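Listed next as structure tokens is one chain, alone, in the form predicted alone.
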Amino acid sequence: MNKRIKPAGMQKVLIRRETISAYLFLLPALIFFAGFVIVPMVMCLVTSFFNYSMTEFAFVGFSNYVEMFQDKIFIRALMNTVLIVVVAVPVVTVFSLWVSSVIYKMNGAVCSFFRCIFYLPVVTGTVAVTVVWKWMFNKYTGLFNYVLGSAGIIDSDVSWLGDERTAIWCIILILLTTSVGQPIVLYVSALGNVDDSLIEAAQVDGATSRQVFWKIKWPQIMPTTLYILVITTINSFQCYALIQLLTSGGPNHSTETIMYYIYYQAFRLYRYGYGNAMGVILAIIIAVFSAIQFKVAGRKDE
């Protein structure tokens, strides 16, 4: 007689088959992820302990890391990067939340119009956006000098990108305008999914608009806020294209960032080991900032 498979055994067989099928479908993506993410990360960590250049590959231990924290340009780049993150992340988050709170209850066409306007810099090419901003900051023909100079607020020949006092703030301003599009779209969606019955019940009980926001809306959009904080932090730490296209780290390293300095050391001076060491430190810093955000947001969500 043929042995019948018990229901529990049949369930295990079906689960095993489904698991195998799922991993087979995921296999191409897993191979791509391993080949272009995991392997480069491991190679970056390993080669950071070597004097790795076009002509040399010698083990130097922690020498690259020691040199890094004695490098005044790296320290300046680290300070500039932290400044960008500290300014950009809260401003992007608060501004995006404010705009979304204003437009999410508007008519569908009006809300879509505003979302399109704010999201346009995101889908526009970085080079095109940067060219426009470079013209606006131009010392002789720029829009800022023309408008502010005509109004008598400033001299008409201010070099916005050529002055150490203003260059980094110009970079931050451009980064802000290109970073608010996605958070606004996400916040509008999150606010639209808040349960209206809870809001109506709170208003019936006499809750003010501020109380409704902090007690009902805010807890429900916390996961979206956490995602926006983490993504904006990572993007701010990885600020590179604006620096490359506008200032190349100048003047006098006032706009130097870690990402641009990694590029300069690895692909201009061919010091791959030193550049990889800075990449490892940058990854650790991003991980620490993200962990802090998860911890703080987790406490507020309790």
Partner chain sequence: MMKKIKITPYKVISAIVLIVLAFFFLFPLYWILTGSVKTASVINDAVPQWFPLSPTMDNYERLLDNPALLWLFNSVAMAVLSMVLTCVTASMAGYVLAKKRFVGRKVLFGIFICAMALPKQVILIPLLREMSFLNLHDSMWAVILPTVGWPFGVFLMKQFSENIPGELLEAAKIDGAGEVRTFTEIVLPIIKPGIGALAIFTFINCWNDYFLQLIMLNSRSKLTISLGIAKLQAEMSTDFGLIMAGAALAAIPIITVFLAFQKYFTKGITMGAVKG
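Numbering follows the first chain given and starts at 1. The term rigid core refers to the most C-alpha atoms you can superpose between the two forms while keeping them within 1.5 Å. Everything numeric here is computed off the predicted structure, so don't read it as measured data.
Keep in mind that the form predicted together with its partner chain is not shown, yet the notes after this line are about it.
Only one of 162 to 170, 115 to 123, 67 to 75, 81 to 89 lies within 4.5 Å of its partner chain in the predicted bound form by heavy atoms, and it is 115 to 123. Taking the partner from the other structure, its partner chain in the predicted bound form has no heavy atom within 4.5 Å of any heavy atom of Ala207. The closest heavy atom approach of Gly249 to its partner chain in the predicted bound form falls outside 4.5 Å. Although the partner is absent here, Thr19 is a contact residue: one of its heavy atoms lies within 4.5 angstroms of its partner chain in the predicted bound form. In the predicted bound form, at least one heavy atom of Phe32 sits within 4.5 Å of its partner chain. Shown here without its partner chain, the chain has Phe95, Trp98, Val99, Val102, Ile103, Met106, Ser112, Phe114, Arg115 in 92 to 115 lying with a heavy atom within 4.5 Å of that partner in the predicted bound form. With the core held fixed between this form and the one not shown, Ile292 has its Cα displaced by under 2 Å.
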